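So this first bit is one chain, no partners, the form predicted alone, shown in structure tokens.
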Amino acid sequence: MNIAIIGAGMSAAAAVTVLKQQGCQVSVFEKSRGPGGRMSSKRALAGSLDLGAQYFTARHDDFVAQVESWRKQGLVQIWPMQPWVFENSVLSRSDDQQVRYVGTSTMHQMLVPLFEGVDCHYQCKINELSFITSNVSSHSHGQWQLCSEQGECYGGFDALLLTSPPQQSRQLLTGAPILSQIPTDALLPCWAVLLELATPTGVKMDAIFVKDGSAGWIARQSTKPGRQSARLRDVADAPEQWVLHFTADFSARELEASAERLSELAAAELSRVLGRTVDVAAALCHRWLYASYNPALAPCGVLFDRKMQLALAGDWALGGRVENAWLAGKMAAEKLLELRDQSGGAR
């Protein structure tokens, strides 16, 4: 069975793992330069910077086993931090005992080996899909053809898995019967801003859940294990870096804001929460158009169209979180394998 997957994030990685184990041919198409999706990290002189997913948790038995396997390979570590909460202008420690994990030395590091040996097309944005059926074709169930913005077309796929945000999948599947099942606003925007400080704040906090204000999450990047560059002689040489995730409401209002404005707002918010003025030496802004899950929506589950040999999966299908992205990708792959088995084996 020849399967195309759009996207190279956690859901795609989980699906690839299952499909490869069952002898399927898999081709992955990703518009970015490498795997990761919203778990991607950026490289900098001081080390890797996590602007997307900040950590992940493991609760489902299957994912717990997977995370433990990654830990044994040195791809994942526990982030031993105690979160704080800022609410009603008061900063206090949380009694949260949740175990949180990060990739080593980038958030998406554990995904890299999962795509090894796979036909991956990076920097390849697919903008057109066609499901082709023919009475004279030996593939009586039809096949998928994908075309990219660069004008290249890829065909001969028995099934298609979309792991892109649902809003983007809707654009690709215009007119398809499954369109009515795809949520329109499952993922909300988020502005992420990294602030590198000229002078240390002197605070001991690692991460803060902000309950009132324009930011919802603030974390000190340097406290994550494995983030410092080997070029730095000592952790103490690293500049203090803070990542702020603005709320979905704020991000929607400021969707087109300039980097300068966002940096100023982020510095003001960090100063407000920490209770001291911060001295910013440099800033980096990244806009995630489709980031956090919309809590107003009930999860729709993994979507599947048997006739078109089509599946859609992502964290949004199960209610957000990195763990659910992995579980959704695994479920989608298993559904496609059921289709293969019911149609008489591998094609």
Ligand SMILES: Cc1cc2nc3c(=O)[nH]c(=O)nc-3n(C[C@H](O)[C@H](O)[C@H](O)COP(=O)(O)OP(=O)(O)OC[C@H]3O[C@@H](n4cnc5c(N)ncnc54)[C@H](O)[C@@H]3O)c2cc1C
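Note that residue numbering follows the sequence shown and begins at 1. Values in this document were obtained by computation on a predicted structure and should not be read as measured data.
Same protein, other form: the form predicted together with the ligand, not shown, and the subject of what follows.
Although the ligand is omitted here, in the predicted complex none of His60, Gly103 and Ala298 has a heavy atom within 4.5 Å of it. Taking the partner from the other structure, the ligand in the predicted complex has a heavy atom within 4.5 Å of a heavy atom of Ser32. The ligand in the predicted complex is approached by Ile126, whose closest heavy atom lies within 4.5 angstroms of it. Taking non-hydrogen atoms only, Gln54 approaches the ligand to within 4.5 angstroms in the predicted complex. Using a 4.5 angstroms limit between non-hydrogen atoms, Leu172 touches the ligand in the predicted complex.
Screening 277-285, 64-72, 304-312, 33-41 for residues having heavy atoms within 4.5 Å of the ligand in the predicted complex returns a single hit, 33-41. In sequence order, Ile6, Gly7, Ala8, Gly9, Met10, Ser11, Ala12 are the residues of 1-21 having a heavy atom within 4.5 Å of the ligand in the predicted complex; the partner itself is omitted from this view.
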